[in-house]
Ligand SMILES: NC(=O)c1ccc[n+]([C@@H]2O[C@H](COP(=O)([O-])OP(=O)(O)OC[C@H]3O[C@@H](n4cnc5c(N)ncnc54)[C@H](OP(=O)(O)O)[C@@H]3O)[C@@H](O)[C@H]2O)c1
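We begin with a single chain expressed as structure tokens, specifically the form predicted on its own.
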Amino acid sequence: MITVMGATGTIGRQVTRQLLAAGEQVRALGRDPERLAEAAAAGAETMAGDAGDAAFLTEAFHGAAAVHTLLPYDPTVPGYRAEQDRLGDSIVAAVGGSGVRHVVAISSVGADVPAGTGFITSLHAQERRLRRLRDAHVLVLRPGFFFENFASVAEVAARYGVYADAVAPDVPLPMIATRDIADVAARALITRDWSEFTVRELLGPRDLTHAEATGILGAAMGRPDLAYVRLPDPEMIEILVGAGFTEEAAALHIELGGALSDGTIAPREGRTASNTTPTRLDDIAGSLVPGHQRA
């Protein structure tokens, strides 16, 4: 049995599918029972509950050969950092209380930096918690910037002919498809081929700047003139809050953009055959811009 946290999310859903396709027994976790229906129909055991409830998680992890863990990203939740701490403490308590021996944790490039990285600061804190576990083998996956992050702005970009964010346009960043993250996570959960506390970076097929990525998205939209601009911080914060971000989350987003732009957030291993993944942005750009046809 393998337990998958976040089984209704972007990565967790794909991990669940891959494990089931490989013939593994899967216990899929999520907050909403209705959203877990897909996993149940595919053959997974499902459990709905609050991931911040250590007793719930301990029960869900009990008897599992391995567990897939992550801290959910929701910039609309009040008290973002406090909520991340609550969930992180619950995960670590459940691992210790259940006796599970192998843990895969989704983190991020930049999680080695203790502060000044926006949302990634919470992942640094979680890695420190996980490192303190003595009776479990923990594999931390540190992927780069998700291609799927562009999906949330694609419609706006298509409407106004510009994509705006808080990252400098000309800084190359490792970018990756979530399906490649899920593939690595699923294989690790099955093989359990690491020991103690291990970190693996996942860097996508090549580094891209936001300007280059915007050009690829523009081609997928039939908008080859699509431009990327870095907005001034106050203007970006106003836009984010208007879109539903809390003030705290908007400030964290700006901090994240600055840390990506100035190189604070960067891979530590260098690009190798083992951390380079196959899916290109060109391969999936069409799926990130629903309603638009590739030019």
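None of the values given here were measured: they were computed from a predicted structure. All residue numbers are counted from 1 along the displayed sequence.
What comes next is about the form predicted together with the ligand, which is not displayed.
Checking Asp183, Asp89, Glu155, Glu83 against the ligand in the predicted bound form, a heavy atom within 4.5 Å turns up for just one residue: Glu83. Just one of Ile254, Ala51, Ala64, Ala39 comes within 4.5 Å of the ligand in the predicted bound form, counting any heavy atom, and that one is Ala51. At least one heavy atom of Phe145 is located within 4.5 Å of the ligand in the predicted bound form.
Remark: Gly30 counts among the residues lining the ligand in the predicted bound form, judged by a heavy atom distance of 4.5 Å or less. Using a 4.5 Å cutoff between non-hydrogen atoms, Ala7 counts as a contact of the ligand in the predicted bound form. In the predicted bound form, at least one heavy atom of Ser107 sits within 4.5 Å of a heavy atom of the ligand. For the candidate spot formed by Arg230, Leu240 and Gly258, no residue has a non-hydrogen atom within 4.5 angstroms of the ligand in the predicted bound form. Residues within 4.5 angstroms of the ligand in the predicted bound form, judged by any non-hydrogen atom, belong to 137-145 and to none of the other stretches in 187-195, 163-171, 137-145, 92-100. Contacts of stretch 41-80 with the ligand in the predicted bound form, defined by any heavy atom lying within 4.5 Å, are made by Gly49, Asp50, Ala51, Leu70, Leu71, Pro72, Tyr73, listed in sequence order.
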